[in-house]
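Okay, so here's just one chain, in structure tokens, the form predicted on its own.
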Amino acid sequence: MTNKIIRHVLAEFPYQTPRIERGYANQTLYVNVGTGEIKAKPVSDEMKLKFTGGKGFDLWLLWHAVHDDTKWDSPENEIVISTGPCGGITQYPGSGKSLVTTVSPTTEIITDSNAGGHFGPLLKFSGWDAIEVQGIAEKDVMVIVDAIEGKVTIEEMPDAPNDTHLLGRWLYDVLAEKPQEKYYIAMVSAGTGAEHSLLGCLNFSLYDRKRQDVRYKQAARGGPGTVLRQKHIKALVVRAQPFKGDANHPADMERIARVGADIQREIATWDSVQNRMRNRGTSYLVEIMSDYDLLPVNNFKFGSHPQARDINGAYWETRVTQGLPDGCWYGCTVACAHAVDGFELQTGPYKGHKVIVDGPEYETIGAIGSTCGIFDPDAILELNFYCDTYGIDTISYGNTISFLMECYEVGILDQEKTGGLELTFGNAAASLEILHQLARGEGLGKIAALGVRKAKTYVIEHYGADPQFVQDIGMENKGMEYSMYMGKESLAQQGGYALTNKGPQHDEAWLIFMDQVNNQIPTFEDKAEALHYFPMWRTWFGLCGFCKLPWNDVVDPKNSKSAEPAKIPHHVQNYVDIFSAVTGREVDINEIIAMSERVYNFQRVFNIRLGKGLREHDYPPYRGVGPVTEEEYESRRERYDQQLREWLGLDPDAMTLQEKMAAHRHYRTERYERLMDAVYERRGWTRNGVPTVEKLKALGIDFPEVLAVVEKKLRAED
């Protein structure tokens, strides 16, 4: 190890890296940065059976770490990171995900988020199925898991820079004795923005061999980066030994290779004619969403815009670097993790620097772009870069800025309140200025740093805003800002956003096309079944370390002839085979769903333990359901008028605009209530959204402390 810089070792824990067996290291790592305690915890067979890995391990460890009244900034709150038993395989695309869980600064319940990059797999290959970090350090520290030296340390490194793009290069140079060792180093960090906001994201690194530089993927939802910096942790770092493609030591390597070769051929054949993700990443969605009126524009008022062509996939294909294997983990032929190289920054503390900008991904394009009325690609790249290096969730930031922009346009805010900024939709310079203010903890940036829920409270209390109006237009549920799909005309997607454990993130259920475009789930019962099945399936990816893109974004056309094409049964069988081959535990689709139900219901009970997780918390803002303003109604008047005729038998020509809007609101709100009832019944929950004792027993998670939470709530309801 190099001695070029100051390193104060505060605590040290020696260990020997165990052999990974069938996807598990069979131990987890506990680090308390406040007390200096570091220890190993065994992974029991019951833990693997009941919670599988990934988010399941995260939740189980966090459950035993916190108290009923734990807040996000309590010392006992933890950042817990795990991949799953399948995480780190290189034969099947999208197998490098890391899962992060913590008590959220914005939702005040459990948030989970996933990221690509190399940290999760390298952590496991270094001997740990998960890392849980607790406590609050007195000064900024690093936690370094060094499998080469055989030790875990808590260290002060006072020379380390703060923002991620600088910190990453610095750490890789410090820790790599030889240039090729950078390939086996990975870090998790945040930045100055996470220090001054509730919207902090975690940046998960990967060393790009072709670019010879560090890149990052984000676990962003719910503010985990804020928790990291509140604990005075600058970075979590793993330094692994070189590894081979069989590092998981699976039960049946031949079976994995066979299934992997099949999906690799499918992607190579069909991606170029379906999505071109290997050329443009997830930005291919921009044009599709705009064409179907599903691209959020101007704080979700509208669903399309003629300038969407300026930021669509075809445009980004001309900007991202081509010809590189841009996967965020080895062996991923979806390879959607593109970047723009040599981008010269025009604003902020790094003005004039040429940098790598990862992405932009579809969610980022929608959030800091179209949702704010911004269709300038260079502005989107600049906002993207600064959000990443400052450690700010682009989805939450974009939603908060678009909310404040609408507040400005209706007169709740003015230039006196914005510090002279003309905060109109489309003003990219204003958004960038607020982002820099946020990173400094100044000006309007301090309001943007709160997120939508707390910003709503601020403008009501300080500026006299109408509470009903700001509640209607603030695109958040449970305190988490919406991801980038318009759900007004898809009841199932309204549920897919608000009937969630952590908040409106599309990684639980993305049902718009099934519901709105293809009409595959017409009844309440159909929708309830979809809102059971698809969240369970996506939950399972988070248990095992998988990305969802190889599941349903590239599909052999023969799938259309299957009995249930929306479920993509041949890919489902792939995952059955992969899990069975890695772990040696033969499963079928029913057991996969059961794995997910155990963890999903456990997380619901966890939220109830923290004082939330009930029906009252599962309502969307009305803009996610129907038109709030006259402008919105008029933009789709023909559609809305026809719905009044078909749904309610009313004559819109004989009604005022206000009467028409009121009729829509009554019908759409009542319809959502009926959906809630159907979904809760299908999930085995009470009408108040509480998992029943019978459900928990059937799932095998009827631990005494879990039942105590549910029984207490059920008694209170009686």
Partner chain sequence: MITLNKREELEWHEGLTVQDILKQKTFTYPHIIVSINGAVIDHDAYAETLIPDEADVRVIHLIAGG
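Here the structure is a predicted model, which means the values were calculated and not measured. Residue numbers count along the first chain shown, from 1.
What follows is about the form predicted together with its partner chain, which we do not show.
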item: Whether T90, A268 and N279 all lie within 4.5 angstroms of its partner chain in the predicted bound form by heavy atom; value: no
item: R604, R221, H338, H506 - the one with a heavy atom within 4.5 Å of its partner chain in the predicted bound form; value: H506
item: Its partner chain: the contacting residue among F243, Y172, Y292, F469 in the predicted bound form [heavy atom, 4.5 Å]; value: Y292
item: Exercise: A566 in contact with its partner chain in the predicted bound form, heavy atom 4.5 Å; value: yes
item: Residue contact check: L285 to its partner chain in the predicted bound form, 4.5 Å heavy atom; value: yes
item: Interface membership of D515, its partner chain in the predicted bound form, 4.5 Å heavy atom rule; value: yes
item: Partner contact for T333 in the predicted bound form: its partner chain, 4.5 angstroms, heavy atom; value: no
item: Options 545-553, 246-254, 443-451, 321-329; stretch whose heavy atom lies within 4.5 Å of its partner chain in the predicted bound form; value: 545-553
item: In the predicted bound form: members of 460-490 within 4.5 Å of its partner chain, any heavy atom; value: Y485
